[in-house]
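Read the single chain below, which is given as structure tokens and is the form predicted on its own.
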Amino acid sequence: MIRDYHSPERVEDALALLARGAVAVGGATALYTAKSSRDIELVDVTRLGLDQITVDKDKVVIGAGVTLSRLGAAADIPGMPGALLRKAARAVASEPLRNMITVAGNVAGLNYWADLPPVLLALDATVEVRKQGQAPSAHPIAACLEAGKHPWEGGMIAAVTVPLTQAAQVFGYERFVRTVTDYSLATACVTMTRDGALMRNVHLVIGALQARPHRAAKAEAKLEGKAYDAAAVDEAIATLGDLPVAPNFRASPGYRRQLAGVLSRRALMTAYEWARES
């Protein structure tokens, strides 16, 4: 049961409500899940003015209230980060849901199938948190995805910041769903920087297999500082053979583990192809 509902227009008022235990909601598409409390006080954060995208020279700041529809149409976000964010946002669910799902909600919900966390992890994003009586604080997305208490508890996510660089960056992004509106069975996201014929700063993120997305460090090590080489890719994909997979009634662990390898290979091939053409 929803015990009370508030729709403040000032951030300070929202923070006061959240500090006493209320729950922030934007699109509220994941309000009731198996782990949700059914006796809650809600704070609607959609009227706080946190729905803007600001592009600076070295970063893009995405407000918490930006919907996936808005993000998917954000042609003003430049370079590889912009292309990747648009691709990922457009792939989520259906248009009516994308019109409601917010960036902050997709992160804070911490659902294993969420589509933005793997992408933000691959982009080295940071999460800005606001709490009553405290200065805004920034937290690496990797830390936010760790088990335990999360930085926004007792407050809220105000924005997500993605770094921008002048380096030649490329990406590959693959996800597999049974239907266009279904949850992902596995997701693979690759980002890297082209340094002549070599690939640097390789990030390979696997999502939807476990409770949280994670970087495949062993696979990254096989690719870092190397030119495109089929043998190196084979070695990297081979390291994914022992990935832990959480139970899921949609498909067996073995199938989803193998699927992650296939998607990772495709994402790497896409990134390498872009690198050769750029």
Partner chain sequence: MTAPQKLNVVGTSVAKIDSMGMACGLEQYVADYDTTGALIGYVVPSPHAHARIKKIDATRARAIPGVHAVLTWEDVPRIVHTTAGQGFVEPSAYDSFVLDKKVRFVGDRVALVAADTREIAEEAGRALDIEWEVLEPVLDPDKAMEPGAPVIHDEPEAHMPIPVPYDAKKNMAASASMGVGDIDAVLKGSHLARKQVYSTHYAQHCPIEPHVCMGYLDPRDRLTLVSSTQVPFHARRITAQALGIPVKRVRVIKPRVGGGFGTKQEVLLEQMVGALVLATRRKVLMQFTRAEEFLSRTRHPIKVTIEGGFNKDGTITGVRMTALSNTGAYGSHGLTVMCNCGSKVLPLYRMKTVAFDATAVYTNLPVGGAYRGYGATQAAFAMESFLDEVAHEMGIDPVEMRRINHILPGEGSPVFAALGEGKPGVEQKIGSSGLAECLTQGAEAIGWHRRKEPKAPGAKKRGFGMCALMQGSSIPDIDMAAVSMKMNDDGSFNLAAGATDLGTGSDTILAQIAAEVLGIETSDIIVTSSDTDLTPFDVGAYASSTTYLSGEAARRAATTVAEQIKKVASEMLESHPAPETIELRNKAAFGPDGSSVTLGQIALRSLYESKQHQISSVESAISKKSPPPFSAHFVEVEVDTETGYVKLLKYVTMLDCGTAINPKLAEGQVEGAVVNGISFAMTEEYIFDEKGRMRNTGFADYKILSTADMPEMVTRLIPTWEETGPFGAKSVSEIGINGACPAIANAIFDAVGVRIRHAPFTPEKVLAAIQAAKQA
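Positions refer to the first chain, counted from 1. Just so you know, these numbers come straight off a predicted model, no measurement behind them.
One more form of this protein should be noted, the form predicted together with the partner chain, which is absent from this view; the next part is about it.
Touches the partner chain in the predicted complex: Q166 (any heavy atom, 4.5 Å): Contact with the partner chain, no.
A19 versus the partner chain, in the predicted complex: is there a non-hydrogen atom within 4.5 Å? Flag for A19 set to no.
Please determine whether I77 contacts the partner chain in the predicted complex, using a 4.5 Å cut-off between heavy atoms. Close contact is absent here: in the predicted complex, I77 is far from the partner chain, nothing within 4.5 Å, heavy atoms only.
Using the partner position in the predicted complex, report whether V177 sits within 4.5 Å of the partner chain, counting heavy atoms only. Taking the distances in the predicted complex, the answer for V177 is yes, it comes within 4.5 Å of the partner chain.
D182, S252 and Q258 all contacting the partner chain in the predicted complex, non-hydrogen atom within 4.5 Å: Judged in the predicted complex, D182, S252 and Q258 all sit within 4.5 Å of the partner chain.
Please name which of the stretches 52-60, 230-238, 208-216, 244-252 has residues with heavy atoms lying within 4.5 Å of the partner chain in the predicted complex. Heavy-atom contact with the partner occurs in 244-252.
Contact set, 47-82 vs the partner chain in the predicted complex - heavy atom within 4.5 angstroms: Not one residue comes within 4.5 Å of the partner.
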